[in-house]
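Below you will find one chain, with nothing else, as structure tokens; this is the form predicted on its own, and questions on how it binds or moves follow later.
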Amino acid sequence: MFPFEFEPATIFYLFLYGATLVLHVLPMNYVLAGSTYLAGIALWELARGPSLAQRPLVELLRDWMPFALGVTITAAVAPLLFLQVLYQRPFYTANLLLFHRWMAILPVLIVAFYLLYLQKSHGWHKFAPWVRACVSTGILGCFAFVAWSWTENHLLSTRPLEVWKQVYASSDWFYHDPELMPRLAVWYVGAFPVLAAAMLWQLWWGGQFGTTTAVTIGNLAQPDHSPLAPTLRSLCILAFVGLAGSVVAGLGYFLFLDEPVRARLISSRAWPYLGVASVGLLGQAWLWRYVWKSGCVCGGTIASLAGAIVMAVGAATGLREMRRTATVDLAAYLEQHTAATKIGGIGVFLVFAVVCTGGITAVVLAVRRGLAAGNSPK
């Protein structure tokens, strides 16, 4: 967002990397938090029986999770390409040393894809509760492994060459780092407010609230007879818990960092990011409180939520890179960045970015028209 201390070429690639990473993080949050939600409901139903109050959200997630995973994987390509240009040798070396683990995410994601389609199949409700629980928790396990691997890879890429040599010589399947779990917790907990807002938008945009303009139920803390109230109440609680957890996890992660890194993250360079992140988090909290108090959902509320989420995720991405550049000297690659801008290829990238985005949008609109015409997705 604010990489003004670098040369124009570096700023160019940092901006593209940050923007495309945000586009990847948003659907990734949907997949990670959504799989957690479905696994939790499956375990609840195994122990307590069917949960009718959560049925609309469960059906929504089951139907859209394969599509969301496809978007997540597709959107991960662009930031990886810009990451290679920005950090070059540290990124490549770290990945080579994690080859046996890094490549393992591919078969794991393939398994997760097929399990997601099994989870949305026609005969899903005919399976025994323990089978459904095993499939849903298995999906969550696959995504948890991928998240763990990504975090390991990122942390190793920020470490000195001596650490890479030690990892390679040990042939260890795991890279142990004190930052791993706190950092993973920040991104994991932060996924739930994004999931809540995305499902709120899906329900409103899909007309499941009965109107495409607005719906008003009333104070969600009061007794009601509206079938929509439990769904809205669940989304509000999910968002509140996620926002509070994000703050706690962020503070906890900050305490795990070394003193020089902590000093960098509270320096004047980090103030714009911290300010934008605070506005994004407080804006989400205020909007969800408004939904809780008024029970009103409209396009303006959802658009404001989307803006607040992009602010928070974008600022978190900026802080993420500030933490990386605290140990990796990005200035050492300025000449390579300038040389990369002269190679060309940006036109091809933009053309395919537009084509792919248009294709995905066309699929979504076609499905929406089919549902509006009364066609069943089942």
Partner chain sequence: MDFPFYPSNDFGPLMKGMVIGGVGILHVFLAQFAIGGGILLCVFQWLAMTGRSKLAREFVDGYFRWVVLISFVLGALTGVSIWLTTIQISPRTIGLMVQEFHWLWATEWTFFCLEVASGYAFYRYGKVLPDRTRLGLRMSYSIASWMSLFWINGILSWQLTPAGWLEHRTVWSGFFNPSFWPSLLFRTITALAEAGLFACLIINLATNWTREQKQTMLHRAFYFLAPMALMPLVGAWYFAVVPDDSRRWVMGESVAMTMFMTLGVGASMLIGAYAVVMLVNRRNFINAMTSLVLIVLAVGATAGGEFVREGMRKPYTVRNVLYSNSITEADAAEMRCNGGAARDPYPLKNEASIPNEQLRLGAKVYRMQCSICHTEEGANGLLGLVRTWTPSQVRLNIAQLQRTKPFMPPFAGTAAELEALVQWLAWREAGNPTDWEVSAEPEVLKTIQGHLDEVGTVSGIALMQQNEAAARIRHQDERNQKGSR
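Since the model is a prediction, treat every value here as computed from it, not as a measurement. Numbering follows the first chain given and starts at 1.
Below, we refer to the form predicted in complex with its partner chain, which is not included among the displayed structures.
For this session: Given that the partner is absent here, state which listed stretch (229 to 237, 242 to 250, 270 to 278, 165 to 173) has heavy atoms within 4.5 Å of its partner chain in the model of the complex.
Result: The contacting stretch is 165 to 173.
Exercise. Of 85, 285, 302, 308, which one comes within 4.5 Å of its partner chain in the model of the complex, counting heavy atoms only?
Worked result: Exactly one listed residue reaches within 4.5 Å, namely 85.
Exercise. 256, 130, 92, 145: which sits within 4.5 Å of its partner chain in the model of the complex by any heavy atom?
Worked result: It is 92 that has a heavy atom within 4.5 Å of the partner.
Exercise. Contact between residue 353 and its partner chain in the model of the complex at 4.5 Å, heavy atoms?
Worked result: Because a heavy atom of residue 353 falls inside 4.5 Å of its partner chain in the model of the complex, the answer is yes.
Exercise. So, in the model of the complex, is residue 343 in contact with its partner chain at a 4.5 angstroms heavy atom limit?
Worked result: Looking in the model of the complex, residue contacts with its partner chain include residue 343, since a heavy atom lies within 4.5 Å.
Exercise. Any of the heavy atoms of residue 11 lying within 4.5 Å of its partner chain in the model of the complex?
Worked result: It does not: once its partner chain is placed as it appears in the model of the complex, residue 11 has no heavy atom within 4.5 Å of it.
For this session: Report yes if any heavy atom of residue 327 sits within 4.5 Å of a heavy atom of its partner chain in the model of the complex; otherwise report no.
Result: No - in the model of the complex, heavy atoms of residue 327 and its partner chain never come within 4.5 Å of each other.
Exercise. Counting only heavy atoms, which residues in 107 to 128 are within 4.5 Å of its partner chain in the model of the complex?
Worked result: 109, 110, 113, 114, 117, 120, in sequence order.
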